[in-house]
Ligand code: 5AD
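The chain below stands alone, shown as structure tokens; this is the form predicted on its own.
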Amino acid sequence: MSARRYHLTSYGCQMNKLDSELVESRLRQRGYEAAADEASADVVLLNTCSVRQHAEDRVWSKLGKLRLRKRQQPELVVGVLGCMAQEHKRYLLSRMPHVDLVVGPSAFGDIDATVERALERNLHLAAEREPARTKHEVGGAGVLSVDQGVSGDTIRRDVRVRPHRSQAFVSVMRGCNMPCSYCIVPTTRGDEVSRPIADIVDEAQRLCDDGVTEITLLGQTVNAYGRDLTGQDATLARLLRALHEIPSLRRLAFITSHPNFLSPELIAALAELPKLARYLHLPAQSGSNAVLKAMRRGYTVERYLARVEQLLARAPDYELHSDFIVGYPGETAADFDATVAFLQRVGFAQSYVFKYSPRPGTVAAERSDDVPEAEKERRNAVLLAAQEALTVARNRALVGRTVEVLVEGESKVAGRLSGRTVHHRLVHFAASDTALVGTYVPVRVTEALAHSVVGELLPADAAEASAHDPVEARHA
């Protein structure tokens, strides 16, 4: 009998992508094989996101298409994993009977056994049905595994299962204890649970032994790492120092941080460890104290600025990245203007800007969504334009300079490769040799674009001078 084949689609954040790699690891250990495409799979899994309505809408649309396929292929296993599984729970099984599995983020650790039970039951049900009725029946195994379960972090990761040979994500903690009024994550992913430092270092070492040179640590509030590890003296700073000792690791980054946990200890580590990427994703969400208070972010604009000043005093080569929500309930025109001024004052290198959309079950959803959609659109465009102006200025300052680029793959423009600098800046350069993917190369920047730069590949002996160009850091 040939091996069962699975197809897995991920929606949403980096944590979802990593969770998908862990799920794949478990399925492969069970003997499953990745299908060439969805149509040839025996098991179709959707790892979902609930942070934005748009992400959920894409999943509902995909499930509608899978309903039609299930009518013709009742033994097919259809599974919804992740945050939507946790949020919508029994609704998925009651209103979409063609969904066999509903598995929350806390129950990925035994996903192979869960899939196996569903597949066996579907095969049994399909064999019992009358052929004339089969194509009209879409009911499946109906397995619900949410709230409690075996954590995905218990999986001994197959380090070979990753999309990039030189890069990898590593989960250091799950869940979130922060009370942000707009966020569904604490509901869908639960309370903070940190992994022991030794377990993380072991996984990182195995990844590096398999060719990884850049690791990005993941957590919903990653710089709160270790708060639940009583008596273990675990903090993100100590974890970074431990990982920094891995000889073959060249770059180390982490996302996503909260301003309240940018501690002096962490700032010292950022300043002292040369392998750390020189950017910090520190979402502000708003530049208005009134909105920040309504969001329950736990800090003021002044406190955020003070933390940033402390960081840049010790590590002036760092760049700041942020997230912003516009059109939050009660946000006035003056509040929004304050956000634009705040963005410009900090001079963020990059920002993600989102229009507020209420998420059922959050505190914010109980408030009137009183900013008209057209005004949300306007504010979104204005803030994006302000950020783009900052980004373009930084990119233009790089023209003529040499930067070290970790090559990630082929560019969308034929005949080019793309990669990122230690500041996470996207660089394109003319080259066709895909053997360069996963290597670090020197590139002289020749052109600045809105969201990236273009350059020319230099001989390898130019790499030494470009590795940590302090001039790039100050002006980029």
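Keep in mind the model is a prediction, meaning the values are calculated, not measured. Throughout, we count residues from 1 along the sequence that is shown.
Omitted here: the form predicted in complex with the ligand. The next part is about that form.
**Q** Quick one: from Val51, Ala35, Ala448, Leu63, grab the residue that has a heavy atom within 4.5 Å of the ligand in the predicted complex.
**A** Of Val51, Ala35, Ala448, Leu63, the residue with a heavy atom within 4.5 Å of the ligand in the predicted complex is Val51.
**Q** Looking at Tyr299, Phe354, Phe169, Tyr318 here, can you tell me which has any non-hydrogen atom within 4.5 angstroms of the ligand in the predicted complex?
**A** None of the other options qualify; the answer is Phe354.
**Q** Counting only non-hydrogen atoms and a 4.5 angstroms cut-off, does Glu116 reach the ligand in the predicted complex?
**A** Contact check for Glu116: no, nothing within 4.5 Å of the ligand in the predicted complex.
**Q** With heavy atoms only and a cut-off of 4.5 Å, decide whether Asp153 touches the ligand in the predicted complex.
**A** Contact check for Asp153: no, nothing within 4.5 Å of the ligand in the predicted complex.
**Q** May I ask you to check whether Tyr182 falls inside a 4.5 Å heavy atom distance of the ligand in the predicted complex?
**A** Output for Tyr182 is yes: heavy atoms within 4.5 Å of the ligand.
**Q** When the contact criterion is heavy atoms within 4.5 Å, does Gln285 count as touching the ligand in the predicted complex?
**A** Contact with the ligand, yes.
**Q** Just one of 155-163, 357-365, 209-217, 299-307 has heavy atoms within 4.5 Å of the ligand in the predicted complex; which?
**A** The contacting stretch is 357-365.
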